[in-house]
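Here's a solo chain for you in structure tokens, the form predicted on its own.
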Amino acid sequence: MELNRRTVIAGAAAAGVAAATTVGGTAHASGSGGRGKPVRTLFGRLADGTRVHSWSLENGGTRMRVLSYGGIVQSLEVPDRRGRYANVSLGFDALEDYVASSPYFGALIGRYGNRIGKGRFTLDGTVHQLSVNDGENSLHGGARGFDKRVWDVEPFTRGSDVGLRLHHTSVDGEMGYPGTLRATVTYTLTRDGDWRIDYEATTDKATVVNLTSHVYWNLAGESSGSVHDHELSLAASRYTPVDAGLIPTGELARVAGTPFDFRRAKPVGRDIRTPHQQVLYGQGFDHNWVLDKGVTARPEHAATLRDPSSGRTLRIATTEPGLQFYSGNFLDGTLVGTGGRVYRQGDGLCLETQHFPDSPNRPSFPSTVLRPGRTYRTTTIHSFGV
């Protein structure tokens, strides 16, 4: 039986369990799971003097810290089966590390999540050349995507929910994208401890947009080691194979009989060393799964992740048609996380809800075109339990 964290916290409190966790070098006692107003503190300053703030949120047994720089989730804490808290997202203690060397830890991604082949696409007969930052391709919006921008942050409490509204305006031509894009991303912690993300954007010229979140998950706790024993299921019977540059070939391939079959839960590491060409290209998993549900008006189930050691679970529901599962293949032991330990290959994984990579160059894929007078809207919900 899967329990939500409100049940776990209540049970732990009744049993007299005391919990603590360490975030940013500071120990925090576990709370009662109640709601707390967003609290802002100064996190650091960029080289030009711009202030970057950290916002702390708590509701329904989930606690998180969000930076105005990149909309980054610096930490997200939930209890295990015994009510003990841990930070389950990878990140850094210092702003300088996010600026200098972050592989998108916890960041908001835009204008276009994932890769666009050769950093180029044609829209309404005009060729647009984008910022190229991944070999010959454009990745996650280019060299200075939304993950490297300081967002305007507006805290709110609404009924039993607490959250943040993050605003950013991307001017016409930024990173090569046409149109001035006005984006609002809302992070909400619900009374049940769910983390909901609502993305909205408008434009004054036809453009492409594909926003997502790049949290690296380790449900055993940040700095606890490999996630290869985590059990993952994906509600997808197809995926998009890639070429050597990790750009989709255009095929929607069946997962049956391949290492990409996660229709039934299995350990992340079970097939990660299989000599399958697609696994070799990604040095593990770094692919888009085609969700069976397609684009939906309301969030529907996409993925479930479970850590057997702690009992923690993460369920993801989304309106999006795809999910990029990245198994942390390029973490190489050169980065030190908030827990004071280095991150090595497979120490975290990403489950990025999205439209498909390179969609602007693939008319057969669901469209990512946004036109004036229309509003881009997507929603993803992360539900935690044990």
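The first residue of the sequence shown is number 1, and the count goes up from there. Small disclaimer: the values here were computed from a predicted structure and weren't measured.
Quick note: we don't show the form predicted in complex with a small molecule, though the next part is all about it.
Highlighted residues 104, 214 and 324: every one comes within 4.5 Å of the small molecule in the predicted bound form, counting any heavy atom.
Just one listed stretch, out of 51-59, 64-72, 326-334, 339-347, contacts the small molecule in the predicted bound form at the 4.5 Å heavy atom level, and that stretch is 326-334. This chain appears without its partner; in the predicted bound form, the one residue of 307, 286, 194, 77 with a heavy atom within 4.5 Å of the small molecule is 286. With the partner omitted here, the residue from 312, 115, 149, 230 that has a non-hydrogen atom within 4.5 angstroms of the small molecule in the predicted bound form is 115. Among heavy atoms of residue 166, none comes within 4.5 Å of the small molecule in the predicted bound form.
Proximity of residue 352 to the small molecule in the predicted bound form: non-hydrogen atoms within 4.5 Å are present. The small molecule in the predicted bound form is not approached by residue 175, whose heavy atoms all lie more than 4.5 angstroms from it. In the predicted bound form, residue 246 approaches the small molecule with a heavy atom inside 4.5 Å.
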